[in-house]
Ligand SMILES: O=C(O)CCC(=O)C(=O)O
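Encoded as structure tokens, the following chain is the form predicted on its own, with no partner shown.
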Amino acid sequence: MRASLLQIDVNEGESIDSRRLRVASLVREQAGAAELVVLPELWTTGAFAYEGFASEAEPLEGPTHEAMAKAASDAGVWLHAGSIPERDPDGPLYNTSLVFSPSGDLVAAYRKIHRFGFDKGEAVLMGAGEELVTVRLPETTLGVATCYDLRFPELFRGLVDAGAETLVVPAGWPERRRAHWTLLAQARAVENQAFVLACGTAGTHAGVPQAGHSIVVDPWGEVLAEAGAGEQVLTVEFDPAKVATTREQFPALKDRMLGLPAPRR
């Protein structure tokens, strides 16, 4: 299976409408090059541009949904379209990821569970999601998480218990904690014996330099591909069957004693 991670530079001088058009074009360029395309977190606004969340928030089926659905259909790819600031008409804002099928259908939406900022920013401006989300592709089952979620291993255990084999993590991760980004991506891969596809942003958002360095890690923790700091497309080929092989050769997940799902009755 081939995946392309689009490490977008969220240029503060570029309008959101212009960026949507540019990103849709980049998605279309992946036709024939990848079966799965992944975008970063909050690429329409910038993950640290808190002051724009309310004004730039859109409904789930808003302009970004429309543009990305068409791009996925035009390219014939599965598209994890990163995340948007979603305005729920009956509730708060959410940091919501959208996943589209090759026919352009919205097959999943994930509201970020762990909000970053402590007592400011996303943590106070957005509501917390409550549901784990997986998406079944012909080749593998995706487990969906977003940025700060990467620091909470119990979420990923839940995704594995739900059948996830490939963990997809769009992010807007700051450069000053880039070492954590790489370390945590590898840790989530090793402890869950799963592939990790972690796609970050490039450039500077609201004065915060971004880490870039999108990364693909295999179930043994080996880095299959890693981007640099600037905007680029990172394309990698990986074998989803390696998850089952790894779990059979080194069946550590079977030795879990804590945090197991309740037995069915």
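The numbering used is simple: start at 1 and walk along the sequence shown. As the structure is a computational prediction, the values presented were derived from the model and not from experiment.
Although not depicted, the form predicted together with this ligand is the subject of the following passage.
The stretch among 135 to 143, 75 to 83, 168 to 176, 155 to 163 whose residues place heavy atoms within 4.5 Å of this ligand in the model of the complex is 168 to 176. A heavy atom within 4.5 Å of this ligand in the model of the complex is found for one listed residue only; from Phe116, Tyr94, Phe195, Tyr110, this is Phe116.
The closest non-hydrogen atom of Cys147 lies within 4.5 Å of this ligand in the model of the complex. A residue is said to contact a partner when one of its heavy atoms sits within 4.5 Å of a partner heavy atom; Phe48 meets this definition for this ligand in the model of the complex. Of the residues in 1 to 34, none comes within 4.5 Å of this ligand in the model of the complex through any heavy atom.
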